[in-house]
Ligand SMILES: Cc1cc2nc3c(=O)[nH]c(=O)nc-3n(C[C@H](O)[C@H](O)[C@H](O)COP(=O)(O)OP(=O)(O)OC[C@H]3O[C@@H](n4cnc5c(N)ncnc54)[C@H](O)[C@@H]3O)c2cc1C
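The chain below stands alone, shown as structure tokens; this is the form predicted on its own.
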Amino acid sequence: MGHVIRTEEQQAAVDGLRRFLAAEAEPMFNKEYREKFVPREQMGAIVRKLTEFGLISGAVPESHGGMGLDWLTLIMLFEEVAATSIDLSVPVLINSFGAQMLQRLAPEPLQKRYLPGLLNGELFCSAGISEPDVGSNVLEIKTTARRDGDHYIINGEKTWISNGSYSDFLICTCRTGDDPRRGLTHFLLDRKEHPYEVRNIPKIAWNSQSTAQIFLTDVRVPASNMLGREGEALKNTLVMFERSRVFVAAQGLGIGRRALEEAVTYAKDRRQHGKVIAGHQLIAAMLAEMATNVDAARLLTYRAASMIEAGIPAEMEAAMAKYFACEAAVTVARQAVQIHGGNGVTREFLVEKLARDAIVVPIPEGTTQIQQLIIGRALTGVNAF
């Protein structure tokens, strides 16, 4: 809803993806598995099909086997996935950034072994950053990697790890030195060759995909599995955060847009006091506010994506998009429930699930409050954290 300026190619890509999602993802995630965990086999099957539309594969240049889509087109496509199912959007997001990290940081043998499988949807990855006592402050990571000849021995615990139970490999952020900024390093852990324990975490929502704890006990990994240079994980992670926040903004946008669509449909069908409720002024005002919030979220998200595509630093703009779009999702989903009245809190209507999904989205990739601190720092040059 609301006019979106697209090229003919972008519109054709979005239209084709919408048809696919309506036919295959909608019944799967909003009916069959609405409240249930999607097994690896089923999740893998639909992710493989999404790669044909440029999801995951589009995040990597053609020179490395991807489709090399521009960032704005990629975000437009990702918005469609998020509007259909936030649970489906999570593996797409994580695998996209895993593919980008491999393409940018991995030595050639690791790229050849793992990147093609990510790009065609055969493999799943996870990114191990957060820990029980470490959220947005990456400098406090405690998971250690101790050098032992040609290997590293890794010990620690990661939590809130998306794709955890699906993962074929883990890109793990470890402490290899005492320097808070220059002592962090990325390693690739193959789940079969360097086993790690995974336990899923039940949540208020987003339970059709895997969010997990990962336990690492004396995991022995070859030094050749290092991604990037030793001590450069913080720099590489911050670059990833700037970009991944735009994807999370698109998740908020997708939830808000879907909640608005559900509310508009209901308001045009539901009759009270002799007319459809869309004809009541207070309902019309709510819908107008919801639509404005959704469009504002889209404009902020698309701007940040366009800046990244243009090579312009977008830390503040990505934070603004993530902050506004995710908080807007909470507001719009709550209003959609209100428009549905008593029906809005029943499992019969999708807005009940959307309201729970919306509560989660302001948290990943730095909470709303972290985004506010990033924006404040960009404006003043003064670091408040």
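Because the structure is predicted, anything quoted here is derived from the model rather than measured. All residue numbers refer to positions in the sequence shown, first residue = 1.
Note that the form predicted in complex with the ligand isn't included here; everything after this is about it.
Taking the partner from the other structure, the ligand in the predicted bound form has a heavy atom within 4.5 Å of a heavy atom of A127. A residue is said to contact a partner when one of its heavy atoms sits within 4.5 Å of a partner heavy atom; W160 meets this definition for the ligand in the predicted bound form. At least one heavy atom of G135 is located within 4.5 Å of the ligand in the predicted bound form. Contact annotation: L188 falls outside 4.5 Å of the ligand in the predicted bound form, judged by heavy atom distances. Among M316, M28, V360, V60, the residue placing a heavy atom within 4.5 Å of the ligand in the predicted bound form is V360. Only one of V81, I75, I94, I214 comes within 4.5 Å of the ligand in the predicted bound form through a heavy atom, and that residue is I94. The chain is drawn here without the ligand; in the predicted bound form, the stretch among 292-300, 266-274, 102-110, 206-214 whose residues come within 4.5 Å of it by any heavy atom is 206-214. Contact residues in stretch 347-375 (any heavy atom within 4.5 Å of the ligand, taken in the predicted bound form) are V360, I363, P364, E365, G366, T367, Q369, I370, L373.
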